[in-house]
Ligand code: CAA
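Given as structure tokens, the chain that follows is alone and in the form predicted alone.
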């Protein structure tokens, strides 16, 4: 993309939850070897939201530092990507808009397509900035992944939000054309309206993901994208971190390369640092991978990065971005590590209590106890309305 058309990620900020359950604790409860989780799926712990935390509080916590740094005068659109929506009609981003005190002259929408919609939000934002280069778009991906207790998916749970400011002349990553697209009607993962926990066919989901890797790469290269060797690192959607390694190994095979484990590690290792301790954050996952890469890798200035965004059901997209020289001056690595390190370790009994908690549905008044040490909280429910406040 020529410099005069450069649009991309100008700022990026991460938030997660009050509590954390380690996989060592989960393994002890299950009578399993912890290696089943740490080596088998590449997970060490999972973020668990407090009673007064949800996708809105995490989203506001992630977005607030961006607004504090850049102001809100140029933000005319907020796009909130999630598959953990708190309402079937009202966009969760409107609550965030209120908490952050954004201007009333703002459009706010919510996008859904499993774990993919964060990338849809990014691409829609780029289109808006193309139309008016003076505008900035606040993109937020926020999710809580939740599976039945004792199910195979339980160990992959997690929760996080990533907020990104999309702008012309970005300070972090210039997003490039083209994109490679792929859609297939597959029931590998889904959550009907009447369920609080997701359903997943693990084998089918891995197969569908790898099919999407092939499909997006084929479309991407046919449209004139980078050659594989031109990409220095790869940010994959990480339902569990070993999936990124599996996906990249598959891509190398598909492209006719000899699989070299050192090559795979070089492309993936720096992208897993946050996902392995937070767990699956659905729409935020691939951008947690980007945050980890930028925060922990050596100097990436001028390097091209590949992104594979996959959402079950399924929709996927492969695209690339170039890291902007000087990007390190704009990173939030210390704040991201603090957000992860501040989490309070809980035992399995407390985790189970949190997991099985459900709000009454009779429309009564139900204040929520103060638990979070984050900047925003869910204060309660009243008349079927969720009430949010600064902590």
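Numbering follows the first chain given and starts at 1. Since this is a predicted model, take the numbers as computed values, not measurements.
One more form of this protein should be noted, the form predicted in complex with acetoacetyl-coenzyme A (CAA), which is absent from this view; the next part is about it.
| message | Under a 4.5 Å heavy atom criterion, is residue 152 part of the interface with acetoacetyl-coenzyme A (CAA) in the predicted complex? | response | Judged by the heavy-atom cut-off of 4.5 Å, residue 152 is in contact with acetoacetyl-coenzyme A (CAA) in the predicted complex.
| message | Even though the partner isn't displayed, in the predicted complex is residue 80 close enough to acetoacetyl-coenzyme A (CAA), meaning a heavy atom within 4.5 Å? | response | Although acetoacetyl-coenzyme A (CAA) is absent here, residue 80 would stay clear of it in the predicted complex, with no heavy atoms inside 4.5 Å.
| Taking heavy atoms and a 4.5 Å cut-off, does residue 84 contact acetoacetyl-coenzyme A (CAA) in the predicted complex? | Taking the distances in the predicted complex, the answer for residue 84 is no, it never comes within 4.5 Å of acetoacetyl-coenzyme A (CAA).
| request: Indicate whether residue 156 is a 4.5 Å heavy atom neighbour of acetoacetyl-coenzyme A (CAA) in the predicted complex. | output: Yes, residue 156 is a contact residue.
| query | in the predicted complex, which of the listed residues (338, 353, 345, 33) lies with a heavy atom within 4.5 Å of acetoacetyl-coenzyme A (CAA)? | reply | Residue within 4.5 Å of the partner: 33.
| request: Have a look at 274, 282, 318, 287 for me and say which one sits with a heavy atom within 4.5 Å of acetoacetyl-coenzyme A (CAA) in the predicted complex. | output: After the contact test, the surviving option is 282.
| Thinking of acetoacetyl-coenzyme A (CAA) in the predicted complex, which stretch from 237-245, 179-187, 71-79, 296-304 has heavy atoms inside 4.5 Å of it? | One stretch meets the cut-off, namely 237-245.
| Using a 4.5 Å cut-off on heavy atoms, what residues in 195-214 are near acetoacetyl-coenzyme A (CAA) in the predicted complex? | Read in sequence order, the residues that approach acetoacetyl-coenzyme A (CAA) (within 4.5 Å, in the predicted complex) are 200, 202, 203, 205, 206, 209.
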